[in-house]
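For reference, the chain that follows is the form predicted alone, supplied as C-alpha cells.
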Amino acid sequence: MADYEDIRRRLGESGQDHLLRWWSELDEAQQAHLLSQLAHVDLELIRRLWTQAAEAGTKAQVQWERLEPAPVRRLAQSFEEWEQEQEEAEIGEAALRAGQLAVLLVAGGQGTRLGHPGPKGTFPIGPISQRTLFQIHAEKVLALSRRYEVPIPLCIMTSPENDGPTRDFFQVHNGFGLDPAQIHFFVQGTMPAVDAATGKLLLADKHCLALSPNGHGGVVEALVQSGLADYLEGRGIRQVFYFQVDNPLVKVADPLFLGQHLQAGAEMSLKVLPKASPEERLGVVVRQGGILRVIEYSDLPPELASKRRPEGELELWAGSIAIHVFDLSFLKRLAEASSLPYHFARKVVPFVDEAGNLVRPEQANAIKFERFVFDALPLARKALIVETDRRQEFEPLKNAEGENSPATVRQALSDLYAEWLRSAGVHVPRRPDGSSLHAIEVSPLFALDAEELRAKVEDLEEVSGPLLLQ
C-alpha cells in the first residue's frame, strides 16, 4: 500500500486534503484503492493545468496569425503520378513483407451514444453479416498477414472502463482467426477531473477519484509504459499504423501510404480529405509560421473555417481523419520527453459533495484534461500529409441516427464494395443519388481490395439483391 502519511502530507501542501475526508469510514480495500489512485496523481501538474485553464477562460479568443494551407500530397491526376504511386506501394509492400509494421487500433470508447452496451468495437456494423467493428479490423490484419506472409502485430489500446470486456470479446471469438501472439492489449492512462471554480480534485465516490481517459494522445506514453514499444522494437518493428475503431473503411496498413511515408523519410504521416463543410467536426491541418499543426475544429474561428478560394474550395480544407503512420522511434522519443500538451474541456462530472452525497450537476462543473495524438505533428523532424478519397476510406460510426450513424456507415460500406464490383465489370444497380441499391458486403478474408476481388467474381454479371461475399 502507498504510504498514507506521505500522501496526506502532499495533499495538505497542495490544498487537496479534502480527498481523505472520509478515510475513517472506508474499509481496508477501499483505503488501499484510494491511496493507489492518489499515488499516481501529479498534484503539481494538476495545479498548473487548472491555472492555465482558468487563465484561458478570461482571455480573448486566440488570434490565428500567419495561418496558411498545409502542403498536401494530392490524389494522383496524371499517369506520371500514378506510376510514382506504384513505386511507392512496392516500397510499402517490401516493408510489410519484412515485418517492419505494427497496426495500432485505438479502441477505448464505449457504445453509449449508439445505445449499445459495451465497447464501441463490439457494435455490429456489417451491412449483411452484422460483423462487428472489431471483426472487420481484425480480419483485415489477418488477410494482410496472409498476403505478406508475416504475422503483423495488432496492438489495441483500451480504456480502464472497457479493457476487460474487450479482451473477453476477442477471447470468445478466438481472436477472429489471428494467432494470440499477434494480439497485444494495453490500457490508456487517466487524468482526474477538477472543480472548474476551485481546482480541487473531485471524488466519484468516497474512496474513488473522478477519473477519465487522458485522450487519444495518451497512446504515446501508454505504448511505452506498457513495455509494448520495446517489445515491438525488439521484434524488428520500425513503423506503426495508427487508426481509430469507429471507422470500418480504413485501409489498414495501406502499403501505398506506408511507402509514401518511407520514401519521404517522415517521422509522422497523416491522411486528410477535403472537409464537406466548414462545420464538419474534423481538425484542420495547417501551416503556421512555417510549422505544421492540426487545429481542433472547435478552436478554429468561424471566419477562417469558412474562408474560400476563388474557385470555391475551402482555403483550410485538409480535414484530419485520424489515420497515421508513425516511426516507432519517434513515438518513444515523444514519450520520454512527455512532449504532447494537455487540452482542457469543461464537462458535467458527478461528484461527492462535502456532506458525502453524490451530486449530478445539470451544467458543466468540472475540467477534464486530455492529450491529442495529432499534436505530435509539429514535433516531427519531417512529416508528410497525404490526401485520400472519402468514399474509399472515411465514414466513422459516432451517432445513433443521422450523419455518421449505423445507416450511413452500412451504406458507405455497400457503396465501396459496389464500386469494387463495377470495376470488375459487374452491373450493380444505383439509386438516383448514385448509392448502391442493394446491401453489399465483402469480407476482408475474401478480398482486401478491388484488385483482389476482380479475380474472384469473373462469373458474376449482375447484383440483383443483397450480396455477401465471404
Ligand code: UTP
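Don't overthink the numbering: it's just position in the shown sequence, from 1. These numbers come from a predicted model, not from an experiment.
Keep in mind that the form predicted together with the ligand is missing from the display, and what follows is about it.
Asker: Would you kindly say which of K382, R346, R167, R113 lies with a heavy atom within 4.5 Å of the ligand in the model of the complex?
Answerer: By the 4.5 Å heavy-atom cutoff, the listed residue in contact is R113.
Asker: Which residue among V294, A107, V220, L203 has a heavy atom within 4.5 angstroms of the ligand in the model of the complex?
Answerer: Residue within 4.5 Å of the partner: A107.
Asker: Within 4.5 Å, heavy atoms only, one stretch in 212-220, 67-75, 354-362, 255-263 touches the ligand in the model of the complex. Which?
Answerer: Among the candidates, contact is made by 212-220.
Asker: Does the ligand get within 4.5 angstroms of any non-hydrogen atom of V245 in the model of the complex?
Answerer: Taking the distances in the model of the complex, the answer for V245 is yes, it comes within 4.5 Å of the ligand.
Asker: Should K271 be classed as touching the ligand in the model of the complex when contacts are defined as heavy atoms within 4.5 Å?
Answerer: Heavy-atom contact with the ligand at 4.5 Å: absent for K271.
Asker: With a cut-off of 4.5 Å between heavy atoms, is Q239 one of the residues that contacts the ligand in the model of the complex?
Answerer: Flag for Q239 set to no.
Asker: Can you work out whether Q135 and the ligand are in contact in the model of the complex, taking contact to mean some heavy atom pair no more than 4.5 Å apart?
Answerer: Outside the cut-off, so no.
Asker: Pick out the residues of 156-195 whose heavy atoms come within 4.5 Å of the ligand in the model of the complex.
Answerer: Residues within 4.5 Å: M157, Q188.
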